[in-house]
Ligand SMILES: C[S@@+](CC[C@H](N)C(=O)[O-])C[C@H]1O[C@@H](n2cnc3c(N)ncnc32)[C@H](O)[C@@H]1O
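As a starting point, one isolated chain is supplied in structure tokens, in the form predicted on its own.
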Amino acid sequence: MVVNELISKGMTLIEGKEYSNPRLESILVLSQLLNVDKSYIYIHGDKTVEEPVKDKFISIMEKRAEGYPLQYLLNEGEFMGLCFYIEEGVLIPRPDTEILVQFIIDYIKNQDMNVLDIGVGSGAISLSIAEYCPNTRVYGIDIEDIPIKIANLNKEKLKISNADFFQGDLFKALEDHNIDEKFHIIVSNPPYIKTRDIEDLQVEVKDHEPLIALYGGEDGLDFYRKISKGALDYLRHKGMLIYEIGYDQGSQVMDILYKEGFENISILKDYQGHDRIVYGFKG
């Protein structure tokens, strides 16, 4: 079977799925299996594909047809221009989160700051900040061991030295690892899906991504309350607490920050014009 025929086969397998881009995804999978750039697929459509590669390609595309996320199948995801190793047990980085990270990078500029990232996942937020703000020291914490493992793999992969990861439950992770720091910035993209909304998520999300990283309690706000309350003890004077939020949670998260005494609270929109980021400052 030649390249073009195999691409057509892959497209047929996932055609009509709401979450898929059949041609692009087929090309991405085959280019990775052949260890070539995407342009190779376009130029060498008449090249014969060896049987083991063909079989592996079909197997991957069949899994994709069942709703298995492409990033888990390829074990990689792109974020902020960096390529992250991804596997089951960590959330797949989303483009909307780049708004959060870019805002922090622009805020830091060339200043010497330290940053705490709560809920590191693959390390996408922590390591992107560390990469683009080399004067910054980044601490990442997560309650689960898989995210800590994956974040450290990505730290090594990206050759980043100014970030460290620690396992533990929210701020207790700092105490458990004897980290006595006050932070200029505390950032989190916490679980914020409401109980009633879990079943409405796309198949590839609800059936494959870790629910512990999605479920935010009955109203989706459990972690905003916990983190906002605890953050006051760990932020420097005028330090910033910044969150990614659900599209309909802006006013509620702002209220949580107001009640805890944060000042100059603001909202940033995402590419679709929805509320996506809430941030405020310790008085």
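Numbering starts at 1 and follows the sequence shown. The structure displayed is predicted, hence computed values, not measured ones.
Missing here is the form predicted in complex with the named molecule; even so, the following discussion is about that form.
I'd like to know if residue 180 sits close to the named molecule in the predicted complex, meaning any non-hydrogen atom pair within 4.5 angstroms. Residue 180 lies outside the contact set for the named molecule.
Give a yes or no for residue 91: in the predicted complex, does one of its heavy atoms lie within 4.5 Å of a heavy atom belonging to the named molecule? Residue-level check for residue 91: yes, a contact with the named molecule.
Considering non-hydrogen atoms and a 4.5 Å limit, does the named molecule approach residue 71 in the predicted complex? The answer is no: residue 71 has no heavy atom within 4.5 Å of the named molecule.
Can you check whether residue 97 is within 4.5 Å of the named molecule in the predicted complex, heavy atom basis? Answer yes; at least one heavy atom of residue 97 falls within 4.5 Å of the named molecule in the predicted complex.
Would you say all of 120, 170 and 223 touch the named molecule in the predicted complex, counting a heavy atom within 4.5 Å as a touch? Yes, all three are in contact.
Among 156-164, 128-136, 142-150, 103-111, mark the stretch whose residues have heavy atoms within 4.5 Å of the named molecule in the predicted complex. Checking each option against the 4.5 Å cut-off leaves 142-150.
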